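A single chain, nothing else alongside it, follows as structure tokens in the form predicted on its own.
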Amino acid sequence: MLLDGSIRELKGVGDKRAALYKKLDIVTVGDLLRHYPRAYEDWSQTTPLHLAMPNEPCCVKGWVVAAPSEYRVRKGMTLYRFRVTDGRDTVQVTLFNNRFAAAKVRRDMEILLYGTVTRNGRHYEMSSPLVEAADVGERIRPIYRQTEGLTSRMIETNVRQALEAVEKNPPPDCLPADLRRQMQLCDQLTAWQTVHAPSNTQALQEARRRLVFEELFLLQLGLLRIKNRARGVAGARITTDYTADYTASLPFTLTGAQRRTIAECVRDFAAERPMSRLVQGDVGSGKTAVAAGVAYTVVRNGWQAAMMAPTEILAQQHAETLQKLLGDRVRIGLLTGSVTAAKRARLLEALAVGEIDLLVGTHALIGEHVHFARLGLVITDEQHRFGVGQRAALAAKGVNPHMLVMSATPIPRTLALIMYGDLDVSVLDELPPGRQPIKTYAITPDIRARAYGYVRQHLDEGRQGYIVCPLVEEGEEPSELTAATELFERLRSGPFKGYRLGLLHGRMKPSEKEAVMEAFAAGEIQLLVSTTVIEVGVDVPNAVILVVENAERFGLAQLHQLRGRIGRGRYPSTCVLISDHGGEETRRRLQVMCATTDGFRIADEDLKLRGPGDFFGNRQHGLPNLHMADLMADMSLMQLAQTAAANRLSADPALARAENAPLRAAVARLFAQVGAQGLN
């Protein structure tokens, strides 16, 4: 059985189960073998009842004293009870609505029970433990991420079948033998066998190390090949630096970090390859001014530039800001989905003949009818919201254009090494003068009325503010979470009656969103009730107070982005985080927000607390999924993988040698899911 064979080749996998596997992104046998357990149950060591620790799962081995008795408690609830002895003590076992498990249990049968043992006086009890015949074996059992209708045990059975088939005809190992010897790694088949059915914890650690290294090594190979491919061609020829002209025209002085970053970009232009640079800066660090300076030099050298933003609001704001910074010296166009057909046609015609120097827009920029006369620079803002494929699609509008990637989401250095291994990195680590400090407070709902009074005080002084909710309307998720539409109505008729309120959320039409934001920016709306659609790009200097409902629902990086909507003018600003979630982790996270406004420190804490999988929530950041690696715990392996990938490509840049063929195929497979071009 080949790894790319359909999951339907396995016994018991018909159309229905295959559809369930598809929900887990499992289509082939190889996908199934790479669906690694999320946890394990240790059935390898049994525990006598009197030694069972409270609230800790364990495996108990014993003999059934009597067959299960059935008790119908009420309609829809049936209990099955039986007793098991371990030779010294007896435990009362209760199963709820589990006829299947109860039917397996017979008197005098030796069984294994996995669960939590509780003690009630001198009596032991187990409620809803997992039940297996003792002859199944005392072993470490895998627990898989599952979906409704597809249990972990079903997945375990299919994985066992897949392993048996692959063992008969092992596929080529994607890691070359010399690299495995050098890194002291087991072979791929052994790693799969062990991670799905470990004999002991040491073997599991060795298998995991192999699979983590493999993932990180393949990822770095792919990213480095993208980077090296760009180095093999000449970028747009930029011969003259116009930075001095640009800075002289500005009504303010650039920070040292802004000047340094522009200089790094200009230096990249002189190299014999297209620039590929990430500009990473905290909220308000002045990335747009950097982008304008870089674009100005490119345009003055006779080339066009494109700037892609994730939302219409942000694209429009960038266009307005760039117009202020560059004036009449650069012809700027704006292309979004809401541009009328007639205006779009005129815009595209002007672009194609070179009458537009800088085109700003959303993903509409990658449309098939968008043609540049001479595209020399591509800028993407909030890069983690775009996939690698979208970035490549925009670059394909020109001939090896220079690439400038911007992110206002501070990314921990550990994560940036993985996410942007194909880019050079510049950091804007200074804020322009005049940015106001933001005080942050975490409160519980019982003093919400006081917080609203504080908001009214600011509105009465002529300032503006935001109240942010995680949901759009009631019923979308658990109802205890504050919903924007419901809260808007309640505030408008209650605590903020008589004030001018606005509502903004992602389900509104683009034209409706723009109308609300224009009214807010003009001061016609005093208090904006919103979902996280304001997270990026809304710039209203008069907004000085932000209240976040259900703050525990947001990651620290997202809260920091939201907080960046205030403190943008000359007035001191305040952020209030409301949460009734009493968990220790929530308290720690909100304390970090109150203690610092340093986005990079916050990002590091967010990565530690939430892990890399949750760092960007559900957004597409354009990277292949990592099934095994943990970017914090496996940092040392990641660095080894980077070095090994660089050495491998140095010796064989195209991975064309016969011994690297499985490696080349594995990299292509990994990157196929994000659409990276040219890795095949």
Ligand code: ADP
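Keep in mind the model is a prediction, meaning the values are calculated, not measured. Residue indices: 1-based, along the sequence shown.
What comes next is about the form predicted together with the ligand, which does not appear here.
Taking non-hydrogen atoms only, Gly286 approaches the ligand to within 4.5 angstroms in the model of the complex. Taking non-hydrogen atoms only, Pro433 approaches the ligand to within 4.5 angstroms in the model of the complex. Taking the partner from the other structure, the ligand in the model of the complex has a heavy atom within 4.5 Å of a heavy atom of Arg568. Within 4.5 Å of any heavy atom of the ligand in the model of the complex lies no heavy atom of Asp89.
Proximity to the ligand in the model of the complex, defined as a heavy atom within 4.5 Å, singles out one entry of Glu206, Asp539, Glu514, Glu264, which is Asp539.
Checking Asp606, Asp282, Asp268, Asp173 for any heavy atom within 4.5 Å of the ligand in the model of the complex turns up a single hit: Asp282.
Proximity to the ligand in the model of the complex, taken as heavy atoms within 4.5 Å, picks out 425-433 from the listed stretches 136-144, 425-433, 196-204, 165-173. In this stretch, 102-133, not one residue has a heavy atom within 4.5 Å of the ligand in the model of the complex; the partner itself is omitted from this view.
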